[in-house]
Ligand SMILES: Cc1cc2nc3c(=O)[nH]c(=O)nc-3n(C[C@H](O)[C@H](O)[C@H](O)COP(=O)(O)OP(=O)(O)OC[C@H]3O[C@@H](n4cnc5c(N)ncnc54)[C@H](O)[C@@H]3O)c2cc1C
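Next comes just one chain, in structure tokens: the form predicted on its own.
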Amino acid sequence: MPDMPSVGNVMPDEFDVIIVGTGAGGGTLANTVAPSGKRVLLLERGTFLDRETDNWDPAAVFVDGRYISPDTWYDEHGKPFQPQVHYFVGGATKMYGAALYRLRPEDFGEIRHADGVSPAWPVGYDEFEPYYTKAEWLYQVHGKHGDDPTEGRWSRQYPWPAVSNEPRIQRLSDDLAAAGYHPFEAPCGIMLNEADRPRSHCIRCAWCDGYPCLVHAKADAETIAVRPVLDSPNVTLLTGAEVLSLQTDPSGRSVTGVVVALGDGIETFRGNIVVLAAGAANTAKILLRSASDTHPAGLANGSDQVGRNYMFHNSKAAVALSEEPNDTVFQKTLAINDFYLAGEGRQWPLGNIQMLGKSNAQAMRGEEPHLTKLAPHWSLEEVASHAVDFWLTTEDLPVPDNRVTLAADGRVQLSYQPTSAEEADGLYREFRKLLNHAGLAAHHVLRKNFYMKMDVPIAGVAHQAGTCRFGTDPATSVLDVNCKAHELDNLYVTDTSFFPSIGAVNPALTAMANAIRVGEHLVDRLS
């Protein structure tokens, strides 16, 4: 599949919809709006991610950080750090593990935690369900509804059957079921059916979780949502286009210009509707940098909520070592939600356990450089060959002082203190018990923070959310239930900024479902 040009079509003077960002929120929105014939401009800060052998080279990906942006952010004390963000067409989905879970129905209501309350959403699970189904079919999800006892109502089975467990993982599933747990088939967004997509056929390799896909068989936003609409005469994509700020009319009620650094110059684009989908931190940054006389605290920030309530999951990766070798190639086929909710002797909800991509020596060296720098390569290879890899996720709570502000140079400054430590520790204890039923001795577990290898823990931003929460009260939220800014007539947000809470599963599918929901609303509005 050849790379696409930066500019898809001749640009008109004004667009119907300008979308900032091409990831799960922006790319999916473009895919939803494009068939209407409305003029769509996609602005992407990055470029197309090169297809190269380094895509599947663990040393390049994990040790050298080849695909991590050189962007600089600051912590609350002004200390600079390099966030693990990826600016490409397709956004963060280019490197994600394509784990496409629905939030549980309870996640849409108020949930009490050890450190506070996870607030209710202004819409319920039943309103989101049809859009979850549409997103699952758009993103070619393999799975099986009905086996997870915490799962909500579903109106249609997944488009493709679950990816089958390889022998070692099937044995793990059988052992857990025999012990009274409820393992289920993890929903995976991959193109495994050659007849359906002959040019992007998944070869079921180990290079999915944390890697870009060399054969474009991962269901990322570029492959699934953006590329299919670029041949449409009404869709234009500009890459290398970083949005600096938004301009408004004198009343401050309508966005009239999107100011973009493009090449060596500055361009201003105009659209009837403007949608931000640049990621929770960068969307907040753009709004704060767009302060004006009518919006002195930042655009859409009369509530002082822009940038606040930043969340990212309290997550751990754990490598359990088996006495026998684990020759699994594609390992992300199993998950457990037995501890997701409170009950059965648990005072608090603990979270989700799922499989990670298979360990290898170079990835271990990149993820844990301080622990592995003295280890010879052959010893890491031996450890990796016996590794069974798990990902543990506990909900992070929205805290007003966990927030994005602007540093003196206009970059992101991120103040953040994690929550839910008690619950994360509880999940880890349950995980250790679980291993005793699976032939994996608990004392062999290596506990590590998978996405936190930089100098400060906030560098791991893969699941960032919450900086522009939606709600019904303009005093406590930034967006209304359709994700339109309360204070502006034509500004929307469709990345994970809109989340009032984050739940304890990967947020990508919820962002995709919401983008379809908002996209259909915009088509109706523009009609």
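Computed from a predicted model, the values in this text were never measured in an experiment. Numbers follow the displayed sequence, beginning with 1.
What comes next is about the form predicted in complex with this ligand, which is not displayed.
The putative spot formed by Gly116, Gly307 and Glu395 is not touched by this ligand in the predicted complex; no residue has a non-hydrogen atom within 4.5 angstroms of it. In the predicted complex, this ligand sits beyond 4.5 Å of every heavy atom of Ile169. In the predicted complex, none of the heavy atoms of Ala513 sits within 4.5 Å of a heavy atom of this ligand. This ligand in the predicted complex comes within 4.5 Å of a heavy atom belonging to Leu43.
Mapping the unseen interface onto this chain, Gly257 falls outside it, with no heavy atom inside 4.5 Å of this ligand in the predicted complex.
Site annotation in the predicted complex: the residue of Tyr340, Phe184, Tyr132, Tyr96 reaching within 4.5 Å of this ligand with a heavy atom is Tyr96.
Among Asp175, Asp209, Asp75, Glu430, the residue placing a heavy atom within 4.5 Å of this ligand in the predicted complex is Asp209. Stretch-level contact check against this ligand in the predicted complex with heavy atoms at 4.5 Å: of 280-288, 75-83, 406-414, 420-428, the positive one is 280-288. Taking a 4.5 Å heavy atom cutoff to this ligand in the predicted complex, the contacting residues in 15-30 are Val20, Gly21, Thr22, Gly23, Ala24, Gly25, Gly26.
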